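First, one chain by itself in structure tokens, the form predicted on its own.
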Amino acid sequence: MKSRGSRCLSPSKKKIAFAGPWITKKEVQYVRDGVLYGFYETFDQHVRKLEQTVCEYIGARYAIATHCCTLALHLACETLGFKEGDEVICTDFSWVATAYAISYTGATPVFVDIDPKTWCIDPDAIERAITKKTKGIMLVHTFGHPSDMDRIMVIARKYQLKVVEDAAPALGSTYKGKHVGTFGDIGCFSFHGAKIAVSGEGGILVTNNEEYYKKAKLLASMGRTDSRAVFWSDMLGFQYTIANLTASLALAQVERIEELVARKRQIHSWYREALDGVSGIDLLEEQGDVRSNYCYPSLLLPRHMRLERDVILAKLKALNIHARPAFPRMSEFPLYAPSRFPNPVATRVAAQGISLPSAGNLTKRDVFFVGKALNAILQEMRR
């Protein structure tokens, strides 16, 4: 791909957004139904239908829709009994909610490195980090790419560890034909406005374990049992349930999930074509027998671009292209002591990674403009 430089390009008249939903008349109709009919005796009908629909789609037995995915992750950690003095092995590359959900219980996240090909947790790093205090594994299906679940589950069984799948961005992704979120003890998905299926805010916890489901259900509704009186609570709980109106939008999106996955995968294929021949970049691609929903198409910049990544993002933004830097290492946040592991892959990705725009309203023309702009900027910075 040849270019005369980014200064010769005019900014896009359309905001090429990092993320955003694809909304149709179906979503409008469902939200209208939620407003008109989601109260009185039908106050939770959309919530129940959402939970049922997600279960049927991914092949899980139980689901609890929550206000957001962070709360679903916290419920998962509480349900599995993580507590002060426990260690939970955690990827060092994610939005901080992944680690904070562990910390909410008093347990300690132990941050380990990621696979350079997937940016998901490295199974070898998991095994190296196990101690007598280790009680669980918190993995992330990064940007929709499935983690190596066969190897992770072998390790979990070997050391009798609980597994939480942070599948926040990964609805519709599969590993060897099976939906992510259904391998571990509990899986959690997000309906945040930047995810593949949206409700503004929202999340859902899924499990195949009836005992976990019952405990999480109780925890999510303030521990209320009505066992001795109306409004009676038998345990410390949380108000984590989703609103019915919010669930109505999520439901419409989940019913269209295969259509949404197809759109994301189309956008990624356009990037593959648009960036073909751009020297030095490493576009994140599916590895092995998996299907990524490609929620956030991402790439690694050339090694010599380490200090200039944010300059590249600023130049893209000047062209009305809104890309996003990779996550910083969570182990470097003030809440946590320095990691006992160097995690060099996560360090490199944090410095050189970029997630490209993938909003639902992007066209092939938009994606090719991003590719042209990125190539022009890289050429300028190499001179």
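No experiment lies behind these values; they were computed from the predicted model shown. Position 1 is the first residue in the sequence shown; the rest follow in order.
What comes next is about the form predicted in complex with a small molecule, which is not displayed.
Asks: Using heavy atoms and a 4.5 Å cut-off, decide whether 92, 118 and 146 all contact the small molecule in the predicted bound form.
Replies: The answer is no; none of 92, 118 and 146 reaches the small molecule.
Asks: Please tell me which of 356, 54, 326, 69 lies within 4.5 Å of the small molecule in the predicted bound form, judged by heavy atoms.
Replies: Partner contact (heavy atom, 4.5 Å) among the options: 69.
Asks: In the predicted bound form, which of the listed residues (77, 284, 254, 140) lies with a heavy atom within 4.5 Å of the small molecule?
Replies: In short, 140.
Asks: Which one of these stretches, 191 to 199, 126 to 134, 246 to 254, 272 to 280, sits within 4.5 Å of the small molecule in the predicted bound form when only heavy atoms are counted?
Replies: Partner-contacting stretch among the options: 191 to 199.
Asks: If we define contact as a non-hydrogen atom of the residue within 4.5 angstroms of the partner, is residue 97 a contact of the small molecule in the predicted bound form?
Replies: Residue 97: contacts the small molecule in the predicted bound form.
Asks: Is there a non-hydrogen atom of residue 73 within 4.5 angstroms of a non-hydrogen atom of the small molecule in the predicted bound form?
Replies: Yes, residue 73 is a contact residue.
Asks: Consider residue 205 of the chain shown here, and say whether it contacts the small molecule in the predicted bound form, taking contact as heavy atoms within 4.5 Å.
Replies: Heavy-atom contact with the small molecule at 4.5 Å: absent for residue 205.
Asks: Against the small molecule in the predicted bound form, would residue 168 count as a contact residue? Criterion: heavy atoms within 4.5 Å.
Replies: Residue 168 belongs to the contact set for the small molecule.
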